[in-house]
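Next up: the same protein chain in two forms, each one alone, written as structure tokens (structure 1, then structure 2).
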Structure 1
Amino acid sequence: MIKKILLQLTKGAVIGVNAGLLISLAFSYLLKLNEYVPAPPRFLNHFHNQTNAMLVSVIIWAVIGGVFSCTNLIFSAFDWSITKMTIVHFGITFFLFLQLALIAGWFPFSLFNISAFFVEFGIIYSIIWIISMLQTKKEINKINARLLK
């Protein structure tokens, strides 16, 4: 199981870094900035130079990827109902992602911002969960059809 967790962590970190880089590039272009910025000014202001800010950004992106990748193991490692697995997965990913988003300076710490983040996270999580469930149902139907042949 440790080997599986380390593999998931590594794959998630690589995906997280790549996603973070692409998203930060997109925001730099969308905001029509003259230079690339890896994070919002409230985050960058904590560093003496942009290289250090970039390094910490990459670490945060890697941890975010690792969190989402490793928490997916909940769906295969436990003998729980899908409801319990989903609630536990949602809780863990929300709590850890919230901490990382605050550290990354994506929004200031306030009850309103945390509430808005919760709603946004919940909506995105629900959309991804519904798509995953529909894909799983489709795969199950294919397997059942093959078994009936």
Structure 2
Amino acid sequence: MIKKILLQLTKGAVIGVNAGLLISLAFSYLLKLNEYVPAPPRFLNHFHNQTNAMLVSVIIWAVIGGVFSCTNLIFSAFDWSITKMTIVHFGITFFLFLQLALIAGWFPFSLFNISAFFVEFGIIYSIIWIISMLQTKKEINKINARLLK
């Protein structure tokens, strides 16, 4: 189990760093900046030099990737209902992701921003719940059709 978690963490961290790099690169282009920046100014201002800012950004991307891929293990370890799994997954990921997003300076700390973030997350998880239910229903129908034969 520990081996499984470590493997999942490493995989997630690699994906996280790659995604972070591509997204920050895309934003640097979209905002028509003259130089590449790994994060918004409100985050960069905490650092005296660019290398440190980049290092901390990479660490944050890795942790975000690790968190996401490890919370996925929840789905494969318990006999919970789809609703319970979705809510627990939502709770853990939202809480951890919020901390990281605030540290990374993706948005300023305010009740409005956090609420908006919560709503966005909620919409994504509602869609995940609906897809999970539909997929499961489809699987069950297939199995039932086979049982009738």
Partner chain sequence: MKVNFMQNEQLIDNLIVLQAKQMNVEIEQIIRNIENKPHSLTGTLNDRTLSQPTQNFVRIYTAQKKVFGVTLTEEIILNSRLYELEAILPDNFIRISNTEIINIHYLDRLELTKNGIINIHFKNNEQTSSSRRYLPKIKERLL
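Just so we're clear, the structure is a prediction, and the values are computed from it rather than from any experiment. The first residue in the sequence of structure 1 is number 1, and each one after it adds one. Take the two forms, find the largest set of C-alpha atoms that superpose within 1.5 Å, and that set is the rigid core.
Looking at both forms of the chain, which one is the form predicted alone? That would be structure 1, which is the form predicted alone.
Does S132 move its CA by 2 angstroms or more between structures 1 and 2 when the core is aligned? Yes, the C-alpha position differs by at least 2 Å between structures 1 and 2.
Treating the chain as two rigid parts, what angle does the smaller turn through between structures 1 and 2, in degrees? From C-alpha superpositions, the smaller part turns by 11 degrees.
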